[in-house]
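Before any questions on how it binds or moves, here is one chain, the form predicted on its own, in structure tokens.
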């Protein structure tokens, strides 16, 4: 049951991202990952999304493989969940591009089969 809910929520989030990607403002898909890491902490994104964007019970997983930049910006500006909207006066599109660049650098977790302790 829980997997079905998570899968449905994931598909809904993906569909929402694709919708936002089509209607969001066009922004250059480059950013400074080092600055993005600092901004992710400075703007307290980590409090809900975890230091590596891994998500928690308070915020969605953002990394690895974040939404496309335009979709992320659109969602941050007009979120549909419990996240409060963040205007460009608070966090600019360029800063969000940096945060996105940081999230793109987060590596995927190791495959469970490669973790010895879990396979004993």
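None of the values given here were measured: they were computed from a predicted structure. Numbering follows the first chain given and starts at 1.
There is another form of the same protein, the form predicted together with a small molecule; it is not shown, and what comes next is about it.
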query: Exercise: residue 81 in contact with the small molecule in the predicted bound form, heavy atom 4.5 Å; finding: yes
query: Residue 59 within 4.5 Å of the small molecule in the predicted bound form, heavy atoms; finding: yes
query: In the predicted bound form, residue 97 touching the small molecule (heavy atom, 4.5 Å); finding: no
query: 4.5 Å heavy atom contact, residue 70 and the small molecule in the predicted bound form; finding: no
